[in-house]
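Just the one chain here, laid out as structure tokens, in the form predicted alone.
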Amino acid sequence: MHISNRLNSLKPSATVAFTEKARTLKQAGHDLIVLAAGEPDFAPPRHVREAVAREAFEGVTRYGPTPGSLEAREALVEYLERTKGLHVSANQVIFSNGAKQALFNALAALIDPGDEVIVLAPYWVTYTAQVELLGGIGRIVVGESSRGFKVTPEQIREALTPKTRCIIFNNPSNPSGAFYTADEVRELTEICVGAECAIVSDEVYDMIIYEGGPYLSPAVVSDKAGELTAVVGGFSKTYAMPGWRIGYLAGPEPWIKKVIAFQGQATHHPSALSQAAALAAMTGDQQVVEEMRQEFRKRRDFLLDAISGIPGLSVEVPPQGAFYLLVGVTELVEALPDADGSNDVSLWLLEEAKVALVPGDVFGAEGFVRVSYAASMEDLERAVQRLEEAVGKLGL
């Protein structure tokens, strides 16, 4: 059987693969602490779960509109205006099977083979994979740790070419937790507008911010920016419902219209149960969002203090958003025999400390490992103790 060259060259998601490997070992009886997954350990809000149950027993079970029910889309329109100041119509939004599909849909409507997409590193592993799958070329622009893992306007200007179709902008960032301030977002957006470069703005962590001022989406910087920007969002992180796979895309109607046609041929519409969950999440009590944010902050602060006391590990940039921490492991690479980078360090920590982390090289951040603190405080405390004991054996 012939397998297409496009899929033959496609690598599995590194974060998913590493998380699944750790979970498989754990299910086999290994005493592992898994800090690799980007999924909150909280239960979805009660009113959201109740809405799903009602839909399952009483709701429709037939096919619905490809972009999602009108009720859900109208609620999303109100939600985006309330949370971002973004003014769109129901014809400018579409629900998908998770934010990952929304991202792929947005890129599929833009990219032809050979087109370039600017990707800011450290980056989520799926960005480069989706660009390559569509035949595009990722132009990686690196935000050095010395600059808070953020890129400069000059770097963006230098990366733009006549072949550039869009930039993927993630704020706050997975994996670094870096947060672009309103002024920084405005400046980067205006550069893209001047070059007529589309912006795919991944905003799935927009409600999980600790410092840095108010959130600003590129889509609301100016009218012209709104005409060039598609916002990717979801409910997995904000409302702790990753397994229900519901995300959305909001943007200019011509762009969204093409996305709807594409999704209609690919997957049609997301589950009615997931749409019911999203509807309840957007229209229900929002106190749970703040409670989770404060708990994430508490966990972040604990890790920042604890890891600073472990020789060989360092935190150069405290995260300002999301729930990830990039931990420097250069000293461990040098201390471990035959270690060649962060991947080897991650494997060593998995074996020696029984703690599963994701190597930074898959995010374009060699010399670091990603720690997810979307885990219980108990697990974080146990993980820190294990890391201390393992690293302590190296005599650093």
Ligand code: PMP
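The first residue of the sequence shown is number 1, and the count goes up from there. Keep in mind it's a predicted model, so treat the numbers as computed, not measured.
What follows is about the form predicted together with the named molecule, which we do not show.
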{"query": "Partner-proximal stretch of 93-101, 290-298, 215-223, 272-280 relative to the named molecule in the predicted bound form, 4.5 angstroms, heavy atom", "finding": "93-101"}
{"query": "Partner contact for R245 in the predicted bound form: the named molecule, 4.5 angstroms, heavy atom", "finding": "yes"}
{"query": "Interface membership of N105, the named molecule in the predicted bound form, 4.5 Å heavy atom rule", "finding": "no"}
{"query": "Partner contact for T189 in the predicted bound form: the named molecule, 4.5 angstroms, heavy atom", "finding": "no"}
{"query": "Partner proximity in the predicted bound form: W124 to the named molecule, non-hydrogen atom cutoff 4.5 Å", "finding": "yes"}
{"query": "Contact assignment for the named molecule in the predicted bound form, among S236, Q263, T128, S145, heavy atom within 4.5 Å", "finding": "S236"}
{"query": "In the predicted bound form, the one of V117, V204, A72, V231 near the named molecule [non-hydrogen atom within 4.5 angstroms]", "finding": "V204"}
{"query": "Joint contact, S176, Y180 and Q320 to the named molecule in the predicted bound form, by non-hydrogen atom at 4.5 Å", "finding": "no"}
{"query": "Residues in 319-343 with any heavy atom within 4.5 Å of the named molecule in the predicted bound form", "finding": "Y324"}
